[in-house]
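Quick setup: one chain, the form predicted alone, written in C-alpha cells, and binding and motion questions come after.
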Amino acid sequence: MHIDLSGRSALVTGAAQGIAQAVALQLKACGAAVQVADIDGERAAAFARSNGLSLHVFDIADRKAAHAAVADVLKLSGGRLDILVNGAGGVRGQVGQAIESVDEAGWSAIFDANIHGAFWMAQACAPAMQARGWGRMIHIASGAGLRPSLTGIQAYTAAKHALVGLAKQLSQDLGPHGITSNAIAPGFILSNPTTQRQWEAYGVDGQQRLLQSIHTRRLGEAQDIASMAAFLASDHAAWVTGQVISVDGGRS
C-alpha cells in the first residue's frame, strides 16, 4: 500500500514534542503540505525551522486565537485545509495525586489542552473541509481515553475520554460532508520529558512489568503513531470514521 498525500494541506498541533512532530514529518514525507502549531513557540520553532515547516504559535484553548490561526493557515495554503491532526495535549507538568488534592486550576489546564482546544480546532477547520467535500480529522487520544491512566491524573483520563467522544460525534456530524474523524489511542511511548520521567519513576521492576503487559514486549515509538495517522489521512481510510484505534503493541 502506497500512501500518497500529494496536493493535500495539513495542520498538526502540538508540534513542540515527539508524537506530533513524527506525524508532521510523516505527512510531509507522504507529499502533504504541512503546517504546524504549538503554544510553546521556542521548541516548536526549532522543529519547524529545521524541517521547512510554517509555524503558528497560539493557545488552542483560546477560541478566537484558534480561529485566527486557522485563517492564517488557509492564507498560506491557498484556501484549502484537508487534514487536521489534533496532537496537542499532555499532562501539563502535573503528576498523580489524591482526588482531594486536585484544584480547579490544575483540572481546567488539562481540559483546556486536551479537549477544549481540540474542539475549537475542529470547529475552525470544518468549514474549509466542508467546502471541498473532503477532510480528515485525526485526534491523538491515549490509552487513558479507554481505561484508567497509568499517570493517575484524574483530569487527564477524563479529558482523553472526552476526546474519544468528540471524535465519534464529529464523525456523525461531518461524515455527510466527506469528512472523517478518528482517534488514535497510543500506548506507552517515550516521546517527551513527561513520559521519560514517568518511565524512570517505575524503576527496574515496574518497567519490566509494563513491558511484560505489552504483547510485542517493547515500548512504542512516535513513528508507530505517525504511520497510523498517515493511513487515516489517506484515501485508503475513506470508509474508516468514528473509530478509536489503539496503537499500543497489544496491551489493550
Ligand SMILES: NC(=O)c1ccc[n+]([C@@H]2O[C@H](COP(=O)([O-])OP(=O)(O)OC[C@H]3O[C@@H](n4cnc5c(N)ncnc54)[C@H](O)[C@@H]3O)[C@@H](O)[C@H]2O)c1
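Fair warning: this is a prediction, and the values are worked out from it, not measured in the lab. So that there is no doubt, residue numbering starts at 1 and follows the sequence shown.
One more form of this protein should be noted, the form predicted in complex with this ligand, which is absent from this view; the next part is about it.
Only one listed stretch (72-80, 125-133, 106-114, 175-183) carries heavy atoms within 4.5 Å of this ligand in the predicted complex, and that stretch is 106-114.
Contact annotation for F58: at least one heavy atom lies within 4.5 Å of this ligand in the predicted complex.
This ligand is not shown here, and in the predicted complex it never comes within 4.5 Å of any heavy atom of W120. Contact annotation for A24: none of its heavy atoms lies within 4.5 Å of this ligand in the predicted complex. Proximity of I140 to this ligand in the predicted complex falls within the 4.5 Å heavy atom cutoff. Counting a residue when any of its non-hydrogen atoms is within 4.5 Å of this ligand in the predicted complex, the hits in 179-206 run P186, G187, F188, I189, S191, N192, T195.
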